[in-house]
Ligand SMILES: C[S@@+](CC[C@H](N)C(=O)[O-])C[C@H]1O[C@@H](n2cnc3c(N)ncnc32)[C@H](O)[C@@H]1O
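What follows is one chain in structure tokens, specifically the form predicted alone.
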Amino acid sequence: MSIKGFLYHQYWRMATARLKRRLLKQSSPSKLERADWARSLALPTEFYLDCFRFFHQHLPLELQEHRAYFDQERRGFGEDAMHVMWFLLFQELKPASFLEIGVYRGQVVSLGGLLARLLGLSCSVQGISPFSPAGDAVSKYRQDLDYLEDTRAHFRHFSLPQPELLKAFSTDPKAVALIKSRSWDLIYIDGNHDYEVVCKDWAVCSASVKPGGVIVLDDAGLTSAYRPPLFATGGHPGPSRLAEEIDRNQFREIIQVGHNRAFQRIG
């Protein structure tokens, strides 16, 4: 890193810390009910900040510690507020099946297992991922990890049952077959961010989620009214473009937390 880059990074860290301290001087609502979700679509930045405060002020400690663990040593990406979104979705939907496409090192798929345990749910947790450093137009990953074993180790760390993990690209025939093998309650599309691939993921997942089931689209906030604070991001062009093309006669958007947008199948 250059001296200029180092100085900018230090400035960004200090500015981010100051902003977070200032935000946390305000209180979040003690509960975020289903009725509040409409506000996430009308005022997504305001709702995101409420979720950030809720994470630090009201989210169960076990979930805070899970996020801290993955934040350490950059074991995972994401943002604090996203843990609140998953907490709200699991609490509301009580899914019996959860699929993540694009596992990386297992933060969200293990969070699904943890939420199932915390809420007393019987939930099948599965993941599809290449478990390799394969990236896309906007992402590059470490070359020195056994991603599959790394993910399993994180499940052991939290004493969670091992999930069903398929080592494959989401467009591989065996991955498509797995997605089509059942009707899912909850799917998270967080794989390749290139528009063409995200469209293929959406096509197969939208046909495989049950009526009333939900698909969460990651990195899809650029085409929404959301304006991220300094410590957050708005997403990437591919998923954001797709989010605007989703047929609202088949799926209605129910909640947005930052660049994560959730769509529920109608009928």
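Being a predicted model, the structure only gives us computed values, none of them experimental. Counting begins at 1, following the sequence as shown.
Form predicted in complex with the ligand: not shown, discussed below.
**Student:** Looking at 85, 108, 125, 187, which has any heavy atom no more than 4.5 Å from the ligand in the predicted complex?
**Tutor:** After the contact test, the surviving option is 108.
**Student:** Could you check which residue among 96, 119, 148, 168 gets a heavy atom within 4.5 Å of the ligand in the predicted complex?
**Tutor:** Looking at the other structure, the residue within range turns out to be 168.
**Student:** Given that the partner is absent here, state which listed stretch (72-80, 87-95, 176-184, 156-164) has heavy atoms within 4.5 Å of the ligand in the predicted complex.
**Tutor:** Careful reading of the contacts points to 72-80.
**Student:** Is residue 195 a contact residue for the ligand in the predicted complex, using a 4.5 Å heavy atom cut-off?
**Tutor:** Residue-level check for residue 195: no, no contact with the ligand.
**Student:** In the predicted complex, does residue 113 have a heavy atom within 4.5 Å of the ligand?
**Tutor:** No, residue 113 sits far enough from the ligand in the predicted complex that none of its heavy atoms falls within 4.5 Å.
**Student:** Using a 4.5 Å heavy atom cut-off, state whether residue 134 contacts the ligand in the predicted complex.
**Tutor:** Yes - in the predicted complex, heavy atoms of residue 134 and the ligand come within 4.5 Å of each other.
**Student:** Is any part of 87-113 within 4.5 angstroms of the ligand in the predicted complex by a non-hydrogen atom, and which residues would that be?
**Tutor:** Contacting residues: 100, 101, 102, 103, 104, 107, 108.
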